[in-house]
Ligand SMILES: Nc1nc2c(ncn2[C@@H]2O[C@H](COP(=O)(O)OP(=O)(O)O)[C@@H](O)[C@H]2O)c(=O)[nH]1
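Okay, so here's just one chain, in C-alpha cells, the form predicted alone.
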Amino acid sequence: MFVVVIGPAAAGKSSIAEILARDGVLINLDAATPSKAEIDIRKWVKVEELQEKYRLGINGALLKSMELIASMDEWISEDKNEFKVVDTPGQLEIFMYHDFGKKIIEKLSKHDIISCIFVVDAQEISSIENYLAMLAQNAMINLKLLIPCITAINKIDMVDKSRLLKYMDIRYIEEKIEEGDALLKLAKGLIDYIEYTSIVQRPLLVSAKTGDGIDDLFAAIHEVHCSCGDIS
C-alpha cells in the first residue's frame, strides 16, 4: 500500500510521515528539502539545480520538479508487501490546481493501492469557519485525486482538544451557523458539500510529538480499503 501524505507547510506532515514509515518505507518527494528517507527524490531531482538551469524562482522550480517526478519511475517501490509512505511538498496547489499530483497518484495506482493522509495544524483551527475551510480543502483533494483521503488534525497537544471535538459534532456546527451573520450562514452549503464529497468522514486528532491518536490513524489507513470497516 502507498500512503501519500499531503498538507500545508508547517502542519507536521513530515513528522507524521516518518512515524507511519517506521515499519515500512519512507519516500521523499520534496525536491527542495534534504531527507533521510530510504528513497529520496533529491537523488534525481533538486530544486536548487532546477532554479539555476531554468532560471526559476523557488515556487516555479518546485512545480517543475513535480512535473519531472510525475514522468519518472526510478523512485517507485513496487513491493506490494511493503507499507510505503510518500511525503510530499507543503504546497497544496500541486494537488489542488495542477495535474502533477494527479499524475503521480495515477502512476502509483498502477503498482499498488493508495490512500491519502491530509495533515493540518490544530493550531490553525481557531474557528468553525477555519474548520469547515480545512474540510473543504480535503474534499477538493478527494475530488481531484479520486482516492480515499483521511483528515489528520495534528499538534493536538498544543490546543484545547475539547473545542476541536465540538467542531466535529455536525449538530453543534449547524447551531453555531444559525447564530452567525450572513457570511457565516454561507458556510451551510459547505456542510452538504463536505458530506457528499469526503470519502472518509471522521477527522482524526493526533500528535506526532506525543503519539496520541497515531494508533487510530494506522487503523483508519487499513480500514479505508476494507469494505467491512466502518470509519464514518
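Note that the structure is a prediction, hence the values are computed from the model and not measured. From 1 onward, residues are counted along the sequence shown.
Omitted from view is the form predicted in complex with the ligand, to which the following refers.
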> the ligand isn't shown here, but in the model of the complex which of Ala208, Leu217, Ala21, Val224 has a heavy atom within 4.5 Å of it?
Replying inline: Ala208
>> Taking the ligand in the model of the complex, would Pro8, Ala11 and Lys155 all count as contacting it (heavy atom within 4.5 Å)?
In response: yes
> Out of 157 to 165, 91 to 99, 139 to 147, 104 to 112, where are the residues with a heavy atom within 4.5 Å of the ligand in the model of the complex?
Replying inline: 157 to 165
